[in-house]
Every structure is written in structure tokens, then in C-alpha cells.
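First, one chain by itself in C-alpha cells, the form predicted alone.
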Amino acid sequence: MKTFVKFAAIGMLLATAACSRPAQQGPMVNDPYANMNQGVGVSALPGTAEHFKATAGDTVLFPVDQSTLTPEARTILANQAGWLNQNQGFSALIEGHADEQGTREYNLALGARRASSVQEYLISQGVGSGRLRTVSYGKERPLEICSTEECYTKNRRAVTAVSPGAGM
């Protein structure tokens, strides 16, 4: 009986000790992708178009009838330029868009000015001009079809779409 009590006591001590220490599972491995999901919605592999969109942002917004970059747009574009400068194997198509107000011709011209503003900014940040193209969709590709100011705001934009290839 004495022996049984000793084994029971030793068993309880071992069980308590096992619960008080975290289990070690082999050697530590340095995983460069282990913390990738810590950013907001960032789950794409670095160096991919999905990663560009998730980390740099692909869309800048404009005020009514404007192609001038806002401070918020400049921040997003600085991030885009940094990404593009680090990923030289990618080129970009900059799409200019407008809301549904106005004529087709006016909105195509406004979309072209918006895309051009983005292109000029990216070039000023060191992105090679040969890696950038622009296109205007005017009001032909709205994010939302609407007739409220809140909705119009979403359609006044320029979108930078990256793809593998150093030039187009």
C-alpha cells in the first residue's frame, strides 16, 4: 500500500508539472509566412497581384469632376509605388473611372485625366514609365449603379491592376 501511495503521489506531481509548462514540439522553425495573416485581410503570398491589392491598395478616389490627387490618394499611391519598385517583374494598367453623371464623352475624358494623374505620380516615385499603361472607362464600368452621392463617390476612382511582366 505504501508503494501505491508513493506512485500515486509521483503521478500527481508529474501531471501537475506537465500542465504548468507549455509542451515543446521539436526545434523552432523560422517560417517567413507564419505571420502573414496579421494584416487586415492579408492572406496572399508576397509578390502576387493579390498581395498588391491587400497591402498597397489598388483604388484611389477623386472628388466630383476632379483629377487632382487627394492626400489619401497620395498615401495609397506611395504604397503602390513602393510595392511596384520592390516587385520589378510586374507592370500595371491604370483604369480611370467616373460616376454616371454627365455625358459619355465627358466621363471618358475625366477617366483619362484621373488615370494620367495616377500614372504621373507613380512615375514621380520611381516606377518606370514603360511598366505603366492607362485606359479610361468613363462611366461604363461602375462599381454600383445608383443616384445618390454616397454611391457616386465609389465610382469616381482610378484602379491600378498589376500583372506579371515588366512591360506591356
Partner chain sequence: MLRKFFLTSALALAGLGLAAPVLAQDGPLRIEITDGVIEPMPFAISAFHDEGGAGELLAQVQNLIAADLTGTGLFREIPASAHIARPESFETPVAYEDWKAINAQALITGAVRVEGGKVVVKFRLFDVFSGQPLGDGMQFDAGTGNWRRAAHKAADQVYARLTGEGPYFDSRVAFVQESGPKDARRKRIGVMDYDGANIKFLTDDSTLVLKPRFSPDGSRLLYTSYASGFPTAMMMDVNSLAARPLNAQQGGMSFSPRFSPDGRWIVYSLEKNGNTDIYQMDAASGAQRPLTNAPSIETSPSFSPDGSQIVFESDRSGQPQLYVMSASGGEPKRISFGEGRYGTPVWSPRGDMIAFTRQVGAKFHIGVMRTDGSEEKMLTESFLDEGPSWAPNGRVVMFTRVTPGGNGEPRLHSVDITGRNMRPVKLNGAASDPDWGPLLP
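Numbering follows the first chain given and starts at 1. Here the structure is a predicted model, which is why all the values come from computation and not from measurement.
Here the subject shifts to the form predicted together with the partner chain, a form of this protein not shown in this document.
*Asks:* Please run the contact check for residue 93 against the partner chain in the predicted bound form: heavy atoms, 4.5 angstroms, yes or no?
*Replies:* Contact with the partner chain, yes.
*Asks:* Given that the partner chain is not shown alongside this chain, does residue 102 nevertheless sit within 4.5 Å of it in the predicted bound form, heavy atom to heavy atom?
*Replies:* Yes.
*Asks:* Can you check whether residue 110 is within 4.5 Å of the partner chain in the predicted bound form, heavy atom basis?
*Replies:* Although the partner chain is absent here, residue 110 would touch it in the predicted bound form, with heavy atoms inside 4.5 Å.
*Asks:* Given that the partner chain is not shown alongside this chain, does residue 125 nevertheless sit within 4.5 Å of it in the predicted bound form, heavy atom to heavy atom?
*Replies:* No, no contact at 4.5 Å.
*Asks:* Can you pick out, from 70, 59, 48, 116, the residue that has a heavy atom within 4.5 Å of the partner chain in the predicted bound form?
*Replies:* Comparing distances to the partner chain in the predicted bound form, the residue within 4.5 Å is 116.
*Asks:* At a 4.5 angstroms cut-off on non-hydrogen atoms, which residues of 49 to 79 are near the partner chain in the predicted bound form? List them in order.
*Replies:* Heavy-atom contacts within 4.5 Å come from 65 alone.
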